[in-house]
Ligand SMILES: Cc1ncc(COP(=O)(O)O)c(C=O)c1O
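First, one chain by itself in structure tokens, the form predicted on its own.
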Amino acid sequence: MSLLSTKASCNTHGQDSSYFLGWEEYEKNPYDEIRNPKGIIQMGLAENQLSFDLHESWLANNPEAAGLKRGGQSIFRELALFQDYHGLPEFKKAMVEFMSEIRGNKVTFDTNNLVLTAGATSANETLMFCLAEQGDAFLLPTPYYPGFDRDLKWRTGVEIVPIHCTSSNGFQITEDALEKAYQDGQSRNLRVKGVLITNPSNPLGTTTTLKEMNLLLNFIEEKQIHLISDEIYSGTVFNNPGFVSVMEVLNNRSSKNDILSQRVHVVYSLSKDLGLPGFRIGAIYSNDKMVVAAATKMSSFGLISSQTQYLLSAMLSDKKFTKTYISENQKRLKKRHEKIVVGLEKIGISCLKSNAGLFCWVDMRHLLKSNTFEAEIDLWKKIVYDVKLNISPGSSCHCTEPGWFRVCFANMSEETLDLSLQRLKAFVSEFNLIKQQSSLNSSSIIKNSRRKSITKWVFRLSFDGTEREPEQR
């Protein structure tokens, strides 16, 4: 072990989180309709499999792009050779146009301010390296994506200070919570370098309100720190209120501030909006030229293949396809969201009202044996091992209230979702039955105790003829 680096031998990766442990259990016993019908169903993976037919249809109608051809001629050799790490110009152009389209063309993006990365994970870590030193801190509103404990901290040494949000206002960010988090960071002798949010929120499935965004912008302006807005779910908004990018809010502010705009950075990806996590397409957008320059250099450690860039530049440049895809995908997400929310309500389980994302923030507090995180983990283990559903406990997302869970709904077929709801229904029915029997038993014990007490009182009264107060036992 002494021959290894501290990074290789340390245990701070976050892999021991219940979020990742649930994945491990799923991988040991994955559900398959034919081969393993009693296996664990994966509901802990925020993956969008609802619109693959649209991709496949486009590929079938565009064999040149899929076959790495241009004008009927193979460009395999051209793409196989070394490419500049700035990325293919045609792909960057297609990316910024798609980002603008997702945002209703209310904001435009400059390709010169865009840095390509191998997914949003790489983008977020790269920004940490650009904006903070080891031992500095970023504030994150809770609950937040469990992977941030790995993505933001493990290699960079940057710390996370939680902004504690509660269910009392739908887990929205407040001025008091922001200020308290900032003070908490300072009390730990940490230099707070910025705030990072996900908009729409992972795991809440809600869009950041205009009030919250203006609060955040005022806060970072006052503290002279950065704001990172992770907007990888921006195209999954299926209900009102619609998505509003921080860049749009920044542009619409009455007092334009170039210094403030340089402190706001956006992370984007095609993993959620286009449903292509395996293609590893991420991006950083920043108005700070030094950040762009540094991030571009760092991107050489995680490049996107030229073949992938070529294929997707053709797909994203097809405006008829992107328009159809965005609209149809949102309709399918809305339908699937409604299905799981209604299904859970019939079981007696409610969800936080949401309008985006590939998951629901589910309230199972009434199923806890006690209002503790230990009880939450006990419930989670029953759901994973007995019910055979992998869901993510709120404690893995640093939620301040036990009993909340993130449940994904877009990474499976409709039939598999039906089975998931059936399994959960059987579990809740059994839970309610046991609770009812326990309540009846408790009531019976109390009644018997009262009878015994009355009998003793009557006996004493008849024995000595003196009326006395019943003895307490």
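What you are looking at is a predicted structure, and each value in this text was computed from that prediction instead of being measured. Heads up: residue numbers just count along the shown sequence, starting at 1.
Just so you know, the form predicted in complex with the named molecule exists too; it's not on screen, but the next bit is about it.
Considering the named molecule in the model of the complex, the lone stretch of 106-114, 264-272, 178-186, 91-99 in range is 264-272 [heavy atom distance within 4.5 Å]. Taking non-hydrogen atoms only, residue 380 never approaches the named molecule to within 4.5 angstroms in the model of the complex. Remark: residue 280 counts among the residues lining the named molecule in the model of the complex, judged by a heavy atom distance of 4.5 Å or less. In the model of the complex, no heavy atom of residue 361 sits within 4.5 Å of the named molecule.
Contact check for residue 119: a non-hydrogen atom falls within 4.5 Å of the named molecule in the model of the complex. Three-residue candidate spot 148, 202 and 233; every residue lies within 4.5 angstroms of the named molecule in the model of the complex by at least one non-hydrogen atom. Distance criterion of 4.5 Å from any heavy atom to the named molecule in the model of the complex singles out 198 from the list 198, 396, 309, 245. In terms of contact with the named molecule in the model of the complex, the residue from 390, 208, 286, 124 that brings a heavy atom within 4.5 Å is 124.
Taking a 4.5 Å heavy atom cutoff to the named molecule in the model of the complex, none of the residues in 206-226 make contact.
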